[in-house]
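Two forms of the same protein chain are encoded below as structure tokens; each is given separately, as structure 1 and structure 2.
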Structure 1
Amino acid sequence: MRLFIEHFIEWIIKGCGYISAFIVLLIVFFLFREGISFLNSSPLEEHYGLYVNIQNPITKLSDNQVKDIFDQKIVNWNQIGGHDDLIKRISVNELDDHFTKEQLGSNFEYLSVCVNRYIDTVPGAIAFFSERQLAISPNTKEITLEKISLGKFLTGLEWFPTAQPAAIMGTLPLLLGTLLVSFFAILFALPLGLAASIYLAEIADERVRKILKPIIELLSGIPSVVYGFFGLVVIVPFLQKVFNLPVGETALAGSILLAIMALPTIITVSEDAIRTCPRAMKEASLALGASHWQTIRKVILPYASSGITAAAILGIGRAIGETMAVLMVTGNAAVIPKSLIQPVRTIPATIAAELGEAPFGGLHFKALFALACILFIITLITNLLVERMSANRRTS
């Protein structure tokens, strides 16, 4: 009977392990399925097309050209190599500008006729319609748009997922923003956290430790929205004054805030690692005549190095993935960051801000999943790198 119960428990424990691994794989699979299905799709929404007069020599447009046309930056076809015709834009949401209600019919039954006639008679016309709304006449041809490729997605310089009619999705500014903010956050947090944990583990007396440690651990219990608001009200105006900036919502503000948020993790984990150093080793070092400082530097820190690297990974993980606080203090301008005291937009903040109203299953929705894939790969690479480094150190 006892044997049976033991087997049963063993079986349950094994099952739990498999189930959690399975769940993780399932999530990763889901993430990548959504993200990858986004590549190679057209930047237009499904069933939609851009139509022009058959005599128009232009057959291909890039997404940026489409945006400039609809932003009225390109106003004549000769600017992009066509005939000298003024561009006239027409789309389903601007029908009132071109036709009266009588022309369209009370139930839009003449819509197709009106638009086709318009394209026929106006040589510069460009129409943005869905296949369902419009029967295409022989005098009309469809413009092809370049598909979204992986290279374009990763190196594109502009992020305009809601641009009409063609979405523009370049993630380079977001990617660089994320890396910049996380890198400096960890640069600020690691020395400070390491120093604090050495102090707590080795130097502070028991009474000070008992007061300081709970206070530091309290930091990790504060919700990130509160951090964000603190950053917005305190750190942002402070930076603005100190550096005399036109705007205080900068990458630096995000880095400082993230550094503060990563501190408790780094301190707790590395302090635990330092405290695991066996008493015998410390005493041996001291008995050989080494001072306390030499012991910390030569014995304790090398011994705890793998734990400290673990602390660093956890800290980086927090810094890269943090959304709300960063969303509130970095300004979220999707431009390539040139300095630390400039607004940036990070990947997690973008996902958090846009997922709410991106139509389910649409192009924008999938693009956000592709962003999440990038984030996942970055974290994976950091983890592997740090693990490799700590493994090397242990063997040497």
Structure 2
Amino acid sequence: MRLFIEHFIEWIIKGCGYISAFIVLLIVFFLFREGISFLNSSPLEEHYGLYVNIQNPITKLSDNQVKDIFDQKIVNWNQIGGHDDLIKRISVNELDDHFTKEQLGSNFEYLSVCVNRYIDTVPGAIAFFSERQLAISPNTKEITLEKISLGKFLTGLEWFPTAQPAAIMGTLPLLLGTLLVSFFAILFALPLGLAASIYLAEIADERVRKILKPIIELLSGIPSVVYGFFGLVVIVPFLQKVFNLPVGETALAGSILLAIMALPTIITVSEDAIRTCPRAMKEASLALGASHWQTIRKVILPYASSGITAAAILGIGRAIGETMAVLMVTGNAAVIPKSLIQPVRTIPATIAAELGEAPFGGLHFKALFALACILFIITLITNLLVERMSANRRTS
């Protein structure tokens, strides 16, 4: 009976492990399935199209060209290789500018006739309508748009997923914003964290350490939204006043806040690594005439270097994945960052801010999953580096 109970408990433990692994794999599969399905899609909304006269030589446009046409930055077809005709835009929101209610009909039953006639008679006309709204005539053709490729998604300079008629989805500003904020966060946090860990491990007496260590570990348990409020109330106004900025929500505010949030991780892991230095090595160094500081610099820190590196990488992982606090203090401007004192937007903040407004299963929704895939890959690389550092540490 006892043997049966032991086997039964063993099966339960194994089953829990397999179920957990299966759930994780299922989540990863779902994440990448949604993210990858977004690629090679048209930037136009489903069932919508751009229509021109069949005599127009332009057959294909990029998403940026469509945006510039409807933003009136491109006003003549000859700017993109077409005839010398002014571009006349028409969409469902501009019908009143071109037709009377009598022409359209009480239930818009003459919409297709009016729009096709407009395209036939107005040189340079371009119409943006749904396939369900418009039945095109033989003299009207649909312009194809360049598909969203992986290269364009990663290197695009603009992020306007809700732009009409074509979405612009370039993640480079978001990626650079994430890396900039994370890099300076770890740059601020690492010296402070390393100094604090050396103090706790080698200088502070045991009574002080027992007081400080739980307090530092407690900081890692504070919800990120509390850090966000602190940043919004203290850091943002301070930076706005010091640098005389119109707004204090900047990359610098995000870096400082993330540095504060990464400190507990860096201090805890580094202090544990420093304390693993064998007592015999320290005593041998002191016996040879080295001072305490020389022993720390020449013996203890080199011995704990792999652990300290792992602490730094874990801090980077904490900074890269942070969402709410960064969303509150960085200004959320999806632009290429040129300095630390301008607003930026990070990938986690973008997902948190836009997921609620993206239509389920739509292009915008899938693009956010693709962003999550990028974040997953960055975090995976960070964790693999930590594993590698930990393996080196065990070997040494």
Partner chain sequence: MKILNLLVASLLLLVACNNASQEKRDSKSNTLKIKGSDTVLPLAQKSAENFMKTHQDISIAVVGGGSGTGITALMDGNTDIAMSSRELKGEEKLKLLEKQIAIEVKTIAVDALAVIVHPENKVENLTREQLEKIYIGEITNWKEVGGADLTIVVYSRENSSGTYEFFKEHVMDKKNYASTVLNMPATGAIVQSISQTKGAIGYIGIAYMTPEVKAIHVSYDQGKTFVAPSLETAKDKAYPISRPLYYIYDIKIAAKVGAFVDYCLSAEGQKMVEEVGYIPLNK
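Start at 1 and count along the sequence of structure 1; that gives the residue numbers used here. Bear in mind that the values here come from a model prediction, so they are computed numbers and not experimental data. Whichever C-alpha set is largest while still superposing within 1.5 Å between the two forms counts as the rigid core.
Only one of the two shown forms is the form predicted together with its partner chain, so please name it by number. That would be structure 1.
**Item:** Hinge candidate matching the rigid-part switch between the two structures, set Ala319, Val115, Gly193, Gly177
**Value:** Considering the domain motion between the two structures, the hinge residue is Gly177.
| field | Smaller-part rotation in degrees, where the chain is treated as two rigid parts between the two structures | value | The rotation of the smaller rigid part against the larger one between the two structures is 12 degrees.
### Query
Once both forms share the same rigid core frame, by what distance in Å has the CA of Leu200 shifted between the two structures?
The alpha-carbon displacement, core-superposed, is 3.6 Å.
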